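The data below hold one chain only, encoded as structure tokens and taken in the form predicted alone.
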């Protein structure tokens, strides 16, 4: 039977109750093949199965292209590039016979040390919304359903399954919900509900957010699926708006299908005496304890829908019509899947090229005294604990097994014509995996020692020393601090004191502190650059590609962020022994906080340098009050082309409520040829002129505002004042 939208009601009507229950919770994949999640087929109705796989840095199944981390894509400020990436990862997903990609993630970076920041785009809701919607459009163009996650206010990994985000409705709507609303506008296939609580209620049981806001308010017609084992009460979750429980089975039932080593345990369990706790009980107990210690899954033993919800249907406390509505939403996900779009793009060469382009376009040049770009014949020392290994990503469900990798040392060697000497100078920084039994002490920087003398000798002999360092981040744990782990800061200081010139390359999951930056000649942030890390680095260092990235997060000292106090992060124990994180900063996160408090930062949101020389010539506003667009002319006076990210901010004058001094309202990433100028028209987000009010929704007050064109949130180039006419919420909706 067809799963086209006009046949869904007929399909639901044709199902037995048992068949309906098969569609609202996952199960074990018994047929040939593997997947992260699985919904079985109903052959009688010609309804195919749905296979799901993890993202968002690449397809987590066998080998796949390991693209740069989402935060690197966020640094590109380029929705067109995000669409191209979505098309590529969607094609690889389809080629592997998978129907639904569990990506992208679009939680905002509120806590700078959050272990999962590398999976997100940045700290600004408009910026994140533009990139997430573009990524979804690319994924779904390949006949694959996309899943946006993790709804909502999932901003820390510490206590992620228990913490309650105490956040008011205004920041929820102005900040944390907005990227998800953009995903719904992009017709996303599914929304994944988070582990955490919001104002005391689990995300999977939060009717106001799941039904009132997401479904009724944003118009989302697909299924809300739980994160893996995130349903705590099956009946409460279903009533609130969770339609699909994943993975839908206990860990003992699931794991034997994922690992042949556990199959004998399953067989042994079948023969175990009932009166004695057997292997299943043991494995479940171990899994619960290990999982909880990693901020993991609290309910790994069983399905909550299988028991509680089925019982509620039988007793009449949950209506058949409510079950039908859940099933219809799951069937809507089927309509996002187009199996006729066949793909053989398991590993096309153009995906390697795209990964390399994404890495160069996401690389941020923080400072440069003229040492970059390098000349090809420069004699180099390439130093760092992991300089012979490509930094693929962080730990967790986004881990990718790449087809091939290019390390920083290899990429530089391939490009340089002068001598290249490689030395570590520091013990390796481990790449953690959430799937490891024991991450070990080196997760937080290591206790090993390394001989730094070869690195010092190499630096003294070279024209330029390039030091590559990295942080450590993984799903399930937050970073201990914003400092680089181990003695990497000391390594940089030592090399800088012995080298003629020093360039530092920071591979980071988010903001890091850079206490040595005044001692070096240039600093690049390449985030987690993926399998083409070395090739991209070589292109940027030698000027074959302009460093196209701009910071999607503010870099500042750790204690100065709004989450610097314990009540804000990681939270304190509140009522009923529940940890509570107070979002007392309200709508002031990231650059909004620092601008409102007039606090100094190391590098502001939107910052990034180019090898070209840009000058802003003119700014004019389009029609409307507020204006719908702005036209900007930028010139490049350098003898080489360069990439600029043109940013528009709205600065309200005398607002009726407390608002940030400026908010991002538009941006574009453009390549400007040498000795030329470029004129572009950029849409202005009407939400930047509005605020959210509980009674009136999105509200625009009459008055005036300034539109600023800038190179960062703190580097304004030109300003234009505009009149603002009061308007209602419908007219304040994003275009």
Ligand code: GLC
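These figures come from a predicted structure and were not determined experimentally. Residue numbers count along the first chain shown, from 1.
Although not depicted, the form predicted in complex with the named molecule is the subject of the following passage.
When the named molecule is considered in the model of the complex, only one residue from 160, 304, 479, 391 comes within 4.5 Å through any heavy atom, namely 160. This chain lacks the partner; the member of 522, 71, 192, 111 within 4.5 angstroms of the named molecule in the model of the complex by a non-hydrogen atom is 192.
Across the proposed site, 54, 60 and 102 without exception bring a heavy atom within 4.5 Å of the named molecule in the model of the complex. Taking the partner from elsewhere, residue 227 is found to have a heavy atom lying within 4.5 Å of the named molecule in the model of the complex. Not displayed here, the named molecule is approached by residue 36 to within 4.5 Å at the level of heavy atoms in the model of the complex. Though the partner is left out of this view, residue 116 does reach within 4.5 Å of the named molecule in the model of the complex, counting heavy atoms only.
Interface membership of residue 334, defined by any non-hydrogen atom within 4.5 Å of the named molecule in the model of the complex, is ruled out. Exactly one of the stretches 529-537, 149-157, 206-214, 379-387 approaches the named molecule in the model of the complex with heavy atoms within 4.5 Å, and it is 149-157. Residue 475 is the only member of 450-487 with a non-hydrogen atom no more than 4.5 angstroms from the named molecule in the model of the complex.
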